[in-house]
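Heads up, the chain below is alone and in the form predicted alone; it's given as structure tokens.
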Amino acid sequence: MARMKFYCDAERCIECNGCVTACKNENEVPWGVNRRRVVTIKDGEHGERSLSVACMHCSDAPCATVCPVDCFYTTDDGVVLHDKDICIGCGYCFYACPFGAPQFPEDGAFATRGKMDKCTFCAGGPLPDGSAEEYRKYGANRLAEGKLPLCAEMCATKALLAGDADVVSEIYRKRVILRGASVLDWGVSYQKATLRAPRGLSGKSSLKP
């Protein structure tokens, strides 16, 4: 079976927040709740990077480990979902998650936070696939339609990858290899490009022949 995962390529993310907007529109996420957000590391410093963050659908999810009512479950595709009819709003999952994925519509203590909400990998919830009730509680079920999460599909630079873990890792591996090759071969490639410049253009290379 496929093991669905997200990966954000920090070298490509331009902090446009298109993924955040796509998620909120597709799933009609409640006001004050963000299933996905963009964070900046080393803001304003050398090496600044931006990352799109949401539930990572962990293989051994800490949110499920600490939940006192066992409202979490993992699908055959490896997507970590939860049952809002069982959730008691205790907030344990919020404190256990290293990514801050679980969100609550209200502030307050135990039982006053409201039902927990988080990224579902656009896989809906425990209710019948494509039903109005499923959409109302959990948002779109794009996986049931054979589609990937809209946040990844709408990413302008394809920084946010989503899908089977093996496929995602292979895409990123090829990107890393191509980046390394382009850096190592930059001088040669640039020199060849200037030598092939069309007539009438006086481009010059700073490299010695």
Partner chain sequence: MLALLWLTAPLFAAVSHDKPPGLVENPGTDLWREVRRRAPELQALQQAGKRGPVRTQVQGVDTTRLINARGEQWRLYRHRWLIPGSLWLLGGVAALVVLLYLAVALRLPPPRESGRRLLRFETYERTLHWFMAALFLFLGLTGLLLLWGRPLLIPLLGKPAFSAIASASKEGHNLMGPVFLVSLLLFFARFWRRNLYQRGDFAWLARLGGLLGRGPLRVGFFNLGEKVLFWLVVLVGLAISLAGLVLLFPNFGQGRVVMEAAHLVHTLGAVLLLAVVLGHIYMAKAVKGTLEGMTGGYVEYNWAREHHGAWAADTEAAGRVLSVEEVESRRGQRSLVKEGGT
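Residue numbers count along the first chain shown, from 1. Heads up, when I say rigid core I mean the largest set of C-alphas that superpose within 1.5 Å between the two forms. Since this is a predicted model, take the numbers as computed values, not measurements.
The same protein has a further form, the form predicted in complex with its partner chain, not shown here; the description that follows concerns it.
Chemist: With the partner left out here, check for me: in the model of the complex, does some heavy atom of residue 20 sit within 4.5 Å of its partner chain?
Modeler: Because a heavy atom of residue 20 falls inside 4.5 Å of its partner chain in the model of the complex, the answer is yes.
Chemist: Heavy atoms within 4.5 Å of its partner chain in the model of the complex: does residue 132 have any?
Modeler: No, residue 132 sits far enough from its partner chain in the model of the complex that none of its heavy atoms falls within 4.5 Å.
Chemist: If you check in the model of the complex, is residue 42 within 4.5 Å of its partner chain, heavy atoms only?
Modeler: Residue 42: yes, in contact with its partner chain in the model of the complex.
Chemist: Just to confirm, residue 70 within 4.5 Å of its partner chain in the model of the complex by heavy atoms?
Modeler: Heavy-atom contact with its partner chain at 4.5 Å: present for residue 70.
Chemist: Which residue, 29, 150, 143, 38, has a heavy atom that falls within 4.5 Å of its partner chain in the model of the complex?
Modeler: Of the listed residues, the single hit is 38.
Chemist: Out of 153 to 168, which residues reach within 4.5 Å of its partner chain in the model of the complex, heavy atoms considered?
Modeler: Contacting residues: 165, 166, 168.
Chemist: Is residue 108 one of the residues whose C-alpha moves 2 Å or more between this form and the one not shown after the core fit?
Modeler: True for residue 108: a C-alpha shift of 2 Å or more.
Chemist: Pin down for me whether the residue 115-residue 107 Cα distance shrinks or grows in the model of the complex relative to this form (closer or farther, change of 3 Å or more).
Modeler: The answer is closer, because the C-alphas of residue 115 and residue 107 approach each other in the model of the complex by 3 Å or more.
Chemist: Against the shown form, C-alpha atoms of residue 108 and residue 95 in the model of the complex: closer or farther, for a change of 3 Å or more?
Modeler: Relative to the shown form, the pair is farther apart.
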